[in-house]
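Given as structure tokens, the chain that follows is alone and in the form predicted alone.
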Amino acid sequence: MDDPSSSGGWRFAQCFGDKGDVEDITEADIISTVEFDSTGNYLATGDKGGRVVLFERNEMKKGCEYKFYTEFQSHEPEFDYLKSLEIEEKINKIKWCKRQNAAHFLLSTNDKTIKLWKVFEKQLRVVSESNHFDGQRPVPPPNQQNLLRLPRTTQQDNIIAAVPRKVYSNAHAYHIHSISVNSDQETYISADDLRINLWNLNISDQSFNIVDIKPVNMEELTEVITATEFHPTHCNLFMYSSSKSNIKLADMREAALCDKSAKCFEEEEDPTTRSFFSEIISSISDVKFSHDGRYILSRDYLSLKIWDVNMESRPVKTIPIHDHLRGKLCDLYENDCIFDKFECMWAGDDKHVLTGSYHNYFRIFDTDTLQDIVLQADKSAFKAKKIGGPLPGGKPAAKNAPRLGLGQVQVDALDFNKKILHASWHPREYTIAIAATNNLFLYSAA
């Protein structure tokens, strides 16, 4: 894997989706999740309209470019008549299973139902010869037995089909926000606000509850689960984060219910900085294991933290992301932006981390030096030839290449409706996929 710091920085590579003005956006087209498969040759996005769109690597092009592969309707809007609740079709998460044959398998989930999709190439064949037709030309029916012909088929076309092989439903009382496939490729976990369930991919009518933090009396509820993920190599380990600013690492071999015997990563809060917003901004929105399983990356509203799995007391690195917004927390609470859930991810070699921000900015950090690159997934990217590289020493960037540190951005000029919540990093290369409202941007470091 090439190191981008030595190769001239990041470049805008591609953009998929309608490039019209933000005011014209259809709610259903807003991308709600994006995920590379384990090879990086395929990329999936899910949207608020319940659709899954797959892209495949374009081998005809030099560099890392993608082309449309297929699209299918994964979930439909439903209505729960018992609870008088609408269940929206929005795709909350997509996770690929490792490819084991010619077909692709991937899990997609909305608030209530998880589906295992099989995506495969299928030959369309048509009858080319029969007793009534020779190709398109009609022929008189045979009047003797020896003139009877067996119909023949010829291949007409190749299509890409998507079929749901399994539907895993009725296991969550609350909204599903996370799914994670185990390294054994046989099981996966799904999490809602209060429970985590363990499934076998082949069994859709039975799951095991492995974490349950629901109190007997719901008035005593003090925290919710916010994200969960399996360890990349040890199939017995998984972690989950909470709104109380802690991460728990659990071993399924120790107990059937893993919430009591978990290792807890938590930093002591500084009482001098405590405020009305402390609990909200310290809630962890996403957690990811590094590819070697040694470190954990977590994102809260204001910062990124890198934890060593052997040290629970404090993170080894804390990277401020939204320090420039500390004075705006009141306004962000009023407009609900303080509850935005930003994702975070590791580079394939674990040397860089990525997370999003407002005004369609996203940031890439070197995990050693903490030097950062600020990029903007915006229409300006079409015009800019080259973006990124090391930050200039306080000089404003050229108009078509936004390379400024977020500290230099005028907070009042930020558009809080434009935000980078979802992204994915190619597992083997310096290529990233960024979901910006209804557009999918791809950036590469040559």
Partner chain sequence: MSNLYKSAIGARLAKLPADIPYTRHPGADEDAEADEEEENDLIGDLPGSGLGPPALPANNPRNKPKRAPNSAFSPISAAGFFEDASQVSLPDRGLDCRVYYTSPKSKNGTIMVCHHGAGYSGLSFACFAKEVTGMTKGECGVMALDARRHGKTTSTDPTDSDLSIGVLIQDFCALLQTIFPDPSSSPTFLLVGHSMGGSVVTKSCPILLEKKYKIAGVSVLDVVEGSAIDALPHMNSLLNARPDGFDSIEEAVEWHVSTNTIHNANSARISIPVIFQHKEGSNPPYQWRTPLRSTAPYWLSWFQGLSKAFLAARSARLLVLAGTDRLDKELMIGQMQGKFQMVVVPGVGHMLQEDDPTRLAEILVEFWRRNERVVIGIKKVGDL
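Residue numbers count along the first chain shown, from 1. Keep in mind the model is a prediction, meaning the values are calculated, not measured.
Just so it is clear, the following notes concern the form predicted in complex with its partner chain, a form of the same protein that is not shown.
This chain lacks the partner; the member of M252, A162, L194, L201 within 4.5 angstroms of its partner chain in the predicted bound form by a non-hydrogen atom is L194.
Among V181, I94, I284, L354, the residue placing a heavy atom within 4.5 Å of its partner chain in the predicted bound form is I284. Contact with its partner chain in the predicted bound form, defined as any heavy atom within 4.5 Å, is confined among 370 to 378, 328 to 336, 125 to 133, 183 to 191 to 328 to 336. Interface residue remark: E312 is not counted as part of the site for its partner chain in the predicted bound form, having no heavy atom within 4.5 Å. Using a 4.5 angstroms limit between non-hydrogen atoms, T113 is distant from its partner chain in the predicted bound form. Mapping the unseen interface onto this chain, S243 counts among the residues with a heavy atom inside 4.5 Å of its partner chain in the predicted bound form.
Within this chain, L150 is remote from the site of its partner chain in the predicted bound form, having no heavy atom within 4.5 Å. Residues from 224 to 251 that approach its partner chain in the predicted bound form with a non-hydrogen atom closer than or equal to 4.5 Å are V224, T226, S243, in the order they occur in the chain.
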